[in-house]
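First comes one chain, alone, set out as structure tokens in the form predicted on its own.
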Amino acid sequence: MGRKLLFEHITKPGIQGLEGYRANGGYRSVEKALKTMSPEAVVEEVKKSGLRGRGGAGFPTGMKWSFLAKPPGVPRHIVCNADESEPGTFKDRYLMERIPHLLVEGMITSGFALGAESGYIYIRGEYFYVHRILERAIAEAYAAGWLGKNILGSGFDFDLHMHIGAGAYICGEETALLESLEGKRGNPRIKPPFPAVKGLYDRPTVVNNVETIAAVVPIVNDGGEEYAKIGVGKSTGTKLISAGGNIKRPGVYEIELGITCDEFLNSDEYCGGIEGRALKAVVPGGSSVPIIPGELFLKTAAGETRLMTYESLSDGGFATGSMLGSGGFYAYNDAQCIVRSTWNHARFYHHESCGQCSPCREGTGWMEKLLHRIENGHGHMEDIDLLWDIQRRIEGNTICPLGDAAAWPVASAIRHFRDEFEYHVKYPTKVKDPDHFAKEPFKRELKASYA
């Protein structure tokens, strides 16, 4: 069994409430930070830990915190991005639902480290019942003196607020989230300036994901060096993975970074293997990351064992790898249609584009139309090349990463499964049957090169 840091006490009776949480060591990081450490010392521990942002980008958290501007007399803020809108990802919801005080504690400790006078949890509208759970936890923390004025007699004041979003995927991008938090339309901002300099209400702001902020608690409790002992290389600590698709044991798992992909997919401790059929493909980190064939998920193109780390999953670039991303893991068996799945992703990103940037606004729509045509048996061979050209013109040409998120699934599907797209064009009557691959699994030709 791997070590658990965030889920260590998640099944304990009463852990959702303050009394049960305190009985299992809750709020120790607040006591330690406020009574024995300076804000700079807390930041230093986070740097030592090697913690990387758990929302998808994987940027070093301590480095991000060190960028926070500190102009005299200007308030600072910490914002928790709980707008978990990446398809395939549901680990933050599980954490907030089962052990809400862990996030509250992480916000207080992080707020102290950053010298922030207030914190905001921006939660997606579909998580309304989770919002109620967090509100109760925040009320308990205020009543017990963990929030408010002069916490633990330290002179540190910190207020924590909740804000419900309206279910827009774009608000998972940190600057769009800040715009929405200010009461405006959630359009991403042009950077620079970055939020660390001009964020919420033009004040220095740090935006971190739920899991990232929760991870600050064990880092402060046990020390950054102890946290860094878990994992491999620059992928330190543990990671929450939302596992779904055609696996025997879907759910949320906390893994030590560095376990093999084969162990995660096939061991009974985690996914338990593929349900009843052969493995076809894997999306390791949420719908926005490249899809890869099953054999490339288990081993790199060089034949090395693939690990559940940021570096190993991206080994070789997108030609032969993918990304750990937000940890939204799902596997496909050989009855699944990659073209249909890619079309479904394209529909989502077209719907969720904010429309600011022409490549994203127009390109996502055209990709959706072309994929719909191919999937429904009306495609032409040139449509595949046109899809490739469109995604290439979107990637890297938009204000925010939504354009990349829309392009990468299409690019990787064509790169690795082009013969399946061609099959749809050649045999239109077969693919009109929604269960065509369940009846006659598509036999993909293994390629010597995935470039």
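Numbers for residues come from their place in the sequence shown, where the first is 1. Not measured: the values here are computed from a predicted model.
Keep in mind the form predicted together with a small molecule is missing from the figure; the text below concerns it.
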query	finding
Option from 292-300, 364-372, 220-228, 168-176 whose residues, in the predicted complex, bring a heavy atom within 4.5 Å of the small molecule	168-176
Contact of Gly50 with the small molecule in the predicted complex (heavy atom, 4.5 Å)	no
Interface membership of Pro39, the small molecule in the predicted complex, 4.5 Å heavy atom rule	no
Close approach of Gly56 to the small molecule in the predicted complex, 4.5 Å, heavy atom	yes
Interface membership of Val207, the small molecule in the predicted complex, 4.5 Å heavy atom rule	yes
Answer option from Leu34, Leu402, Ala411, Leu68, heavy atom within 4.5 Å of the small molecule in the predicted complex	Leu402
Listed residue (Thr342, Thr236, Ser314, Thr212) with a non-hydrogen atom within 4.5 angstroms of the small molecule in the predicted complex	Thr212
